[in-house]
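Alright, two takes on the same chain below, each alone as structure tokens: structure 1 and structure 2.
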Structure 1
Amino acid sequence: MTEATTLLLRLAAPLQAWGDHRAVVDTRHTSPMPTKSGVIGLLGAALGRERDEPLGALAELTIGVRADVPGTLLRDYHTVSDYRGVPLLSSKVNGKGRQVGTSPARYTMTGERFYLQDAAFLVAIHGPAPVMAEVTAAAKAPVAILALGRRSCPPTFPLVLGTTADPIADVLTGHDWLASPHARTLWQRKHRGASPATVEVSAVLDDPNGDTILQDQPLSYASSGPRHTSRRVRHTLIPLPTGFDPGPDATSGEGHDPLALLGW
């Protein structure tokens, strides 16, 4: 039986953006958590894989994501024009890989980009030990510049938190809360100075028996158009110690929050 390893990543940055298949030319949304497609793509970049290369063993990895600091949604509205006054090119490419013009010609485009602001996630990636050893080494010394969903979103460090033989569920329930001191202060301000002993954070785990289907299992990142299929996941809430000094009347946190599973 092949031994397995779980790699722990800390995905935190001023801005993150994880495509959710609602993307159109002028509007790019973001999921409330890192997608599996985005995480596997990040690992592929760390390994120096070309977009058209088969995913190989990366496609077989399982992941779990814990939203330690969900962050806030940032909307970036902008206009685009060519300073030479010529028509803009579209996002489509011809057979030679060159961008083609729009039809009809457009001289100005407006667009919206949505980002997660000041978010921090714990990501656990599980797979065969030899594969994970290669992936871990690449994450520590990546071939290509890494980004959290978009090139304008570099991660802050540390990115790699370590490896373990524990399964994903145990890692997500056992690892410390990743909220920074500043994030903890903001959390307390939001909750009127509360100092609970624990907080509940949402998590999503690969689970063949899960009751939710997500369309973000990558099949290919080919430049001609990425392809995905579905995967089953389960959502859960995980209580984590805060390190706060709880008052004498404190119980188990800020109380029941029915929207927490949605990352709101």
Structure 2
Amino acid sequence: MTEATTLLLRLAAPLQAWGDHRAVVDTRHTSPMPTKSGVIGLLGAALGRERDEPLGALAELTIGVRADVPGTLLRDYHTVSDYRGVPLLSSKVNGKGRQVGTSPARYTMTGERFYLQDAAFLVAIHGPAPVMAEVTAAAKAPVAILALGRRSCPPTFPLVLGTTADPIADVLTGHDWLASPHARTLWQRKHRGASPATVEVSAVLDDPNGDTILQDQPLSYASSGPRHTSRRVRHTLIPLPTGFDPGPDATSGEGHDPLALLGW
């Protein structure tokens, strides 16, 4: 058994977008959490991999994602037009395989893009130590400009929180809550001043015996069509210390919350 390392990333920004298998031309969805293909793709970009390069060791990495601040869904109305003011091309191709123009000429196409707004995630990536050393160095000094799932979503600093020899499950249960001081204040305001000793956050981690199947294990990022396969994962709720000052009148905030699993 070779030595293994776990890399900890903080994925937080005003906007993120983790597309899923529902990707179609004019509607871009987002998953509620960073996808495995999204995170592996980000690491590939950091390493300077081309889209059509084989994934190699990156395909073998396992990951766990913890939704420290789940954020909310933003729907963005989007229009596409050619900045030169010429009509758009249609999806039809001619005999030579070239796209033909829209008829009658159309100048604007509308669509919608979904984003996660105001969210922060802890991502643990686990693999053989030599691979992880390379990946960690690249995440700290990336070759390509990184984005949280979509080009227009730059990450915020710091992206890399560090590395450890602990397995993913321990990292997810042991690492501090990533909510910023301001986000903690917001949490308390939303929960009517509650000051519980812990909060529960949801997490999803690779597990060969997991009871859920996700379709986001990357096979290829080729621009002609990214391909994915399925992976087994396990969902869990993890209690995290809040550091809130339990004043004399503070409520525990630990009542039954049937919607907690949904991250609401």
Partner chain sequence: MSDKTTRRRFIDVHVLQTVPPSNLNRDDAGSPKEAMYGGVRRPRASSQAWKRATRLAFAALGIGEDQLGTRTKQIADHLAEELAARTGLDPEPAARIAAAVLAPLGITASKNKAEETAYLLFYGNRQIEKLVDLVADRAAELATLDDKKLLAELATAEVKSALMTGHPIDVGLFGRMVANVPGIDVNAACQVAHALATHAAELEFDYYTAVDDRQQSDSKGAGMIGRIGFNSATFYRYGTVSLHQLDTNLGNPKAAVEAASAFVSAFVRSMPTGYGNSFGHRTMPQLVAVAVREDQPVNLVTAFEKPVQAYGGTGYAEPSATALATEQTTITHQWGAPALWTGITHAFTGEDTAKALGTAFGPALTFPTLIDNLTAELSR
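C-alpha atoms forming the largest set that superposes within 1.5 Å between two forms make up the rigid core. For residue numbers, the reference is structure 1: its sequence is counted from 1. Everything quoted here is computed from the prediction, not taken from an experiment.
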Quick one, which of these two is the form predicted in complex with its partner chain? 2
Among A59, S224, E134, T110, which is located at the hinge of the rigid-part motion between structure 1 and structure 2? T110
Treating the chain as two rigid parts, how many degrees does the smaller one rotate relative to the bigger one between structure 1 and structure 2? 39
How many Å does the Cα of H78 travel between structure 1 and structure 2 when the structures are matched on their rigid core? 2.6
